[in-house]
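Here we start with a single chain on its own, the form predicted alone, put down as structure tokens.
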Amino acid sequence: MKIAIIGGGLAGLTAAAYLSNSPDTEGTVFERSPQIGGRAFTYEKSGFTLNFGAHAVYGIDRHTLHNMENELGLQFQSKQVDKRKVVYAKHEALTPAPLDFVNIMKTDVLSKREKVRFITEIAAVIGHLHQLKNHRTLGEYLDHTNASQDVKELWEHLVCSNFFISPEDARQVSGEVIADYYHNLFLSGRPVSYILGSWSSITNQLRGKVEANEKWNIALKEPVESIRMENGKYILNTKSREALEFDRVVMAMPVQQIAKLLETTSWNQAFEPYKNNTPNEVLVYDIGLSTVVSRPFHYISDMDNKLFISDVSATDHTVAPSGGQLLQGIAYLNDDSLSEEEKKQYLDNKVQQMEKLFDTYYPGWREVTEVKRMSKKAMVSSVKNIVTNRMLPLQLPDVPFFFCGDGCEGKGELAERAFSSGRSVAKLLLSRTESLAH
């Protein structure tokens, strides 16, 4: 079976790594960029390793990567963020983040009575008994619960932090999605970890798995420009080649790009329900410092302004040169309803808030900055997981392709959904190959 995979990001590489393990397949991964990884692209500058996608992994011991490590023979290291050095800033006061029972008892974001209430809620989530799963959205649950305002705010903030979205969007996340996500996370022994060496330590191994099979290859800087079916075969035209023939096609790219590729075909109509999906975007502000200016905490989350700073180099020593420090600031955005001029002012304000947070906890950072990178609209995932958006299934009725990516149905959030959907699509294709062989 000859397979085309369109997209060389985390999902496409995962699918290709599994498929290339089979002696009954051959294929090509088509990637339009000059490098693999998609939004998980990593590059080095002045000794600092910068990621277009944050390489933090939530619940790594229960993550899809844990399965992939065993099934594909991957070898990578991760390090857990020190939970005792994760803090929330609220009304200019710092307090431990309530990440576990110890920190819940220490935090000031909840009163003693509210702490008991919140611990009870966590126990209910772990036991799959929480009423949240029965509500259409988090907002609907919060509107009906008799919990205090502080408990409600904490739920919103947790979802902001893990889904990388604004409080307004957090209220639009499905109650079932949140309940399943936190059931998994609360059971994890390693809630937040970093992949040492960044995403490239994973993507390079996936690439190696693919290219170890001489019947598979990765075509960089070769976007697919058209696709059609003839006599049961898929005919692809790329930027540099024409009439490439395949038995199966996996589309591992954002649904918005899929819809554009297929807009002149008979399959276009099937994507109407997904064309208005909105992406998940954040403001990212990376600074590489020539020296460690301060290391009060490994993670500071500003509850008032909905932004945070990670001292990435405190957990992952590989991202900064010896003696240096790499900080990454993230601001959750909610500017969908603003005019272009209002958006500009809104983003400028977010930058000012971020720099004020840097000034407060990392004094002197401006004088020792070696590398600075800012993206005011960085795409975290191609589809924001809120109820007004629809995740693309791995297959659509009357559409002969397979789909995977962070905008598809799958386990977990963000990068994990890319890994899990790529893995699922590959296993689905392999199972069909085996059934045809018999």
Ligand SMILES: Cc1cc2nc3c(=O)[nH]c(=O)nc-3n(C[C@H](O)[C@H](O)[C@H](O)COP(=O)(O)OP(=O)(O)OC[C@H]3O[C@@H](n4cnc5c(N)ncnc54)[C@H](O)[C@@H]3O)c2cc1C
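One-based numbering along the sequence shown. Just so it is clear, the model here is predicted, and its values are computed rather than measured.
One more form of this protein, predicted together with the ligand, exists but is not displayed; see below.
- Among F163, Y299, Y332, W199, the residue placing a heavy atom within 4.5 Å of the ligand in the predicted complex is W199.
- Scanning K411, K384, R39, R62 against the ligand in the predicted complex with a 4.5 Å heavy atom cut-off leaves one residue, R39.
- At least one heavy atom of A415 is located within 4.5 Å of the ligand in the predicted complex.
- At the 4.5 Å threshold, heavy atoms of P254 reach the ligand in the predicted complex.
- In the predicted complex, the ligand lies farther than 4.5 Å from every heavy atom of A170.
- Contact check for F403: no non-hydrogen atom falls within 4.5 Å of the ligand in the predicted complex.
- Only one segment in the set 66 to 74, 392 to 400, 28 to 36, 42 to 50 has residues whose heavy atoms sit within 4.5 Å of the ligand in the predicted complex; it is 28 to 36.
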